[in-house]
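For reference, the chain that follows is the form predicted alone, supplied as structure tokens.
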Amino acid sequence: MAKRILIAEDDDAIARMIAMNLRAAGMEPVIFPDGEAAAQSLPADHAYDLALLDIMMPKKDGFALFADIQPYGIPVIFLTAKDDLESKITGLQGGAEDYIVKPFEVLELLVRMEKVMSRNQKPADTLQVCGLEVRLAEHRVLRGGQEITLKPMEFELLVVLAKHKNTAISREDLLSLVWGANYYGETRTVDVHIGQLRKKLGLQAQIVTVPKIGYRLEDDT
């Protein structure tokens, strides 16, 4: 899914230049001509991966807009002609991820954006594997909208296999990852639970036994 980027910039030429380069990089820019327009839009739509804010904007400046953005957890980079130390300190101490002074190189902007988004990337709460939807927070597994009931350790075992799909994992590593490093049971425990997963999920062909090692969940989607 393309990264959505909020751009609050009153200079139309700069806003369009940034948006053009973001689209070329596979992102989805959304432009607002002033801080007030951006702030008014947030309650209805705040699904952004990053916000690029000018500071000197009409109606509502970038610092004021930042206060409106913070409750939504959107990381912010200030793009501004204000290169005085006081403005930089205000922006960064206020919680902004970065502060870039105009004029700037587009490549530098893209690199710094990627770093900020990487730092703020939220772990996925749903895994898609072998036609299954594994909802981590809910501890639920669905296929075609129908829930498949798993016992707690069966669910944890599926999660480990799904997160490392197409990779062979030893029985010992599965024991440690699922049951914990202090578990002293036999690796036969893994075999039993693998058998239950294959049966309940219909993954006899996808959960492959790797001789003398362990198991691999194969998924080519």
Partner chain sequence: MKLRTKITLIAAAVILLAAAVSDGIIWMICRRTLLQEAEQNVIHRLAVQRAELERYTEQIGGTVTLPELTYYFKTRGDDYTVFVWNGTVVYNQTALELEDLRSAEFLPYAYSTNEIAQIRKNGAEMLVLKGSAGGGVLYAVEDLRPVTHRLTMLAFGMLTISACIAVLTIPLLYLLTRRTLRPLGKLSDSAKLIAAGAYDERAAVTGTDEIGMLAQDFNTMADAVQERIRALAESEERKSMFMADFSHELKTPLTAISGYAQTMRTVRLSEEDQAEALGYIYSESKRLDRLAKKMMRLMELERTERLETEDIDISALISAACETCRPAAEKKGITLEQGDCTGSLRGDFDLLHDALCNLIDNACKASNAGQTVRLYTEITRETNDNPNITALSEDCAIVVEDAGCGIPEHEIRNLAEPFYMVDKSRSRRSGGAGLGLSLVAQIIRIHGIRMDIESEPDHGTRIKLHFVYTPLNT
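Residue numbers count along the first chain shown, from 1. This structure is a prediction, so every number in the text was calculated from the model and none was measured. Each form is matched to the other, and the largest set of C-alpha atoms that superpose within 1.5 Å is called the rigid core.
One more form of this protein, predicted together with the partner chain, exists but is not displayed; see below.
The stretch from 191-199, 38-46, 167-175, 65-73 that comes within 4.5 Å of the partner chain in the predicted bound form, counting heavy atoms only, is 167-175.
Of the heavy atoms in E114, none are within 4.5 Å of the partner chain in the predicted bound form. When the partner chain is considered in the predicted bound form, E138 lies well away from it, no heavy atom lying within 4.5 Å. Although the partner is absent from this view, A81 contacts the partner chain in the predicted bound form, with a non-hydrogen atom inside 4.5 angstroms. In the predicted bound form, none of the heavy atoms of L132 sits within 4.5 Å of a heavy atom of the partner chain. In the predicted bound form, P33, M56, M57, P58 are the residues of 31-68 with at least one heavy atom within 4.5 Å of the partner chain, listed from first to last. In this overlay on the rigid core, I213 has a C-alpha that sits 2 Å or more away from its partner position between the shown form and the other one.
The rigid-core alignment places the CA of C130 2 Å or more apart between the shown form and the other one.
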